[in-house]
Every structure is written in C-alpha cells, then in structure tokens.
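Let's start with one chain on its own, the form predicted alone, as structure tokens.
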C-alpha cells in the first residue's frame, strides 16, 4: 500500500513539474524582450545553482569558488568558436571535460591531504581567483579586453547555437528542466543515498563501506562539469566574456544564492530562489543607479540571505511544501471530523 502511495506521489511531483515548465514556456513565448532576457538569466542560474546544490546540498562539499568552473565553460566555448570557428556544442563538451577534470584535481589534492569543510571552500575561492588573474593577463584569450561574439542576426542556427533572445530563453529553459530532473533522479538513486550519508556523517559512511574519497571526487566533478555547461551558454547569451565578470566572486554568489534562498538539497529550491533573488537584484541595481547609491543590489542580497536564514532556515521551497501539506491535511481532516461527529 505504501509503495503504491509513494509511486502516486512521485507521479504527481513529475506532473506538477511538467506544468511549471509549460507555464514557463508560455512566459517565454508571450512576454516582452525585457522579461525574456531577465528570465533567461534566472533559468541559467537555476541550472548552475543545481550544480552547486548537488555538491553541497546532496554531497556535503562546500564550494565558494564556482565561478572557476563557470568561467572555464565560457572560455572553452568562446575560444573554440572565435579562434577556430568550432561549434559551441563542441565548446560546451570541451568545457565540461576541462572543468570536470579541474574539479577532480582540486578534490583529489584537497581530500588527499585532509583539507575539508571551510578549508576546502577557501581552496575553491583561491583557485577561482588564481584563474581570474591568469586569464586577465593571457592575451590569447583576450586578457582584460575580453572576447566578443558576433552580434546575433536573429536567425536561429541550432548547429552553432546562435539565435535571438527568445531562442536562448528556451535553451535556458531546457537546461533548467534537465537540472531539476537530474537532481530529482540523483537524489532518489543509489548515488543520492550514498552522497547524503557522506554529507551527514562521513565517518559513519566509511564504516558502512562507502568509499567517500571517490564519491567526493565524483560529485565535485559532476558539479563542475554542469556549471561549465551553464557558463558556456551564459557567454553566448551575454555576447562577451571578461575575466572579472565571468570568473569574479559575484558569479559565485549568484550561483549559490538560488539554492540557499530556495532550499538547499531540493530539486525546485534553486528555481524558486533564483526567481526570488535575481529579479530583485536587477531591480535594486537599477534603483541604486537612479538614486546614485552604488551597491544597493548587494545590500538587497544581504537582506535576503539574513531574512531566509532567520525566518526560513530550510529555504522558501520547503516552507511552501510544508504549508501546502498543512492546508491539504486540514481540508481532508475537516470532513473526517464531521463524519465522526455524525456517527
């Protein structure tokens, strides 16, 4: 009976997720260019937030330098396309391989020498800053002058991943759907249970026979590769790549804000958090520019984080789920009480 109930609940979750993405598809088809552009960024950071969510929310490994992997993906696409005319599809694959390998090396070096927790997080920041400084002085990749993609003509060319704003919206929507579905599937698979055990108690997991060293390298590699895929698409959407903007600390913050605000370790948390934080960031940035108050968007980010940690420590999405369950329970409980009273 419980197995049937679980299958029914899982089917309902997938149907609800499909409805959400149908609605998002309609938003992309019917909205004006500003909304489409803003929502494209939201969906891209939803996907990249899923990569960070996978690493910390499920795997238990804290990274604050995810801009490193985003930047590697962006530069792989940009260099191969602009220097050699190679399709961004190949650039995306190359970026994923490079970022996954760099993530594996960082993880191996860190965990081989017992660098864990906050010290691993500091290592990721240092690696991201080192890469940013290196790319800033590397003339082959444009240095501080950056790389610029040709202006889009508006014609869709799927083989070269080129098109207008609406085309990139649906590319970002597809990535967000893949990210959410992937997180949901992994969290309910053998890997998900192993990674959560490793996250909750590393020593106990090792005592049960889990090779945590290998699994930590695996989860970090997958997270880095997926972040690189998002970075490659972000470069095409923005039309230019600069070391400070694509590998700076701001990108790392934008990647982690969605999962933290929305709900760490949940499939829909990064989408909910990105929807709450990124539009507010753009709004506060524009308001700050008009009022002559620089950094107002950073203040807004700080207020959001403090508010969520204080009032919703699990994030927005788990609170929504609990609220829905409570309302549903009360609605079903009321007829049951009336029936018992009549008896």
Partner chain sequence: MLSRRRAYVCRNAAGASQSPSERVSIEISIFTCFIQGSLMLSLWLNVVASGILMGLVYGLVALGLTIIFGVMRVVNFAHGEMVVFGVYIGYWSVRMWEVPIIAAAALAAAVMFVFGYFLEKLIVKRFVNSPHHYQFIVFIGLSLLFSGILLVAFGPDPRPTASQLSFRTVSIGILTLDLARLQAAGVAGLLIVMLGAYLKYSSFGRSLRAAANNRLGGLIVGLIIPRIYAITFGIGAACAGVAGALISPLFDAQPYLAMDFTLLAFVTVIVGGLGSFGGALLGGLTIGVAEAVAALMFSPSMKTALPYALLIIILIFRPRGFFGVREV
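Positions refer to the first chain, counted from 1. Model, not experiment: these values are computed from the prediction.
There is another form of the same protein, the form predicted together with the partner chain; it is not shown, and what comes next is about it.
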Stretch from 156-164, 254-262, 88-96, 171-179 whose residues place a heavy atom within 4.5 Å of the partner chain in the predicted complex: 254-262
305, 280, 35, 29 - the one with a heavy atom within 4.5 Å of the partner chain in the predicted complex: 305
The partner chain: the contacting residue among 121, 237, 102, 222 in the predicted complex [heavy atom, 4.5 Å]: 121
Within 4.5 Å of the partner chain in the predicted complex - does that hold for a heavy atom of every one of 56, 62 and 309? yes
I'd like to know whether residue 113 contacts the partner chain in the predicted complex, with contact meaning heavy atoms within 4.5 angstroms. yes
Does the partner chain come within 4.5 Å of any heavy atom of residue 130 in the predicted complex? yes
Would residue 317 sit within 4.5 Å of the partner chain in the predicted complex, counting heavy atoms only? no
Residue contact check: residue 285 to the partner chain in the predicted complex, 4.5 Å heavy atom: no
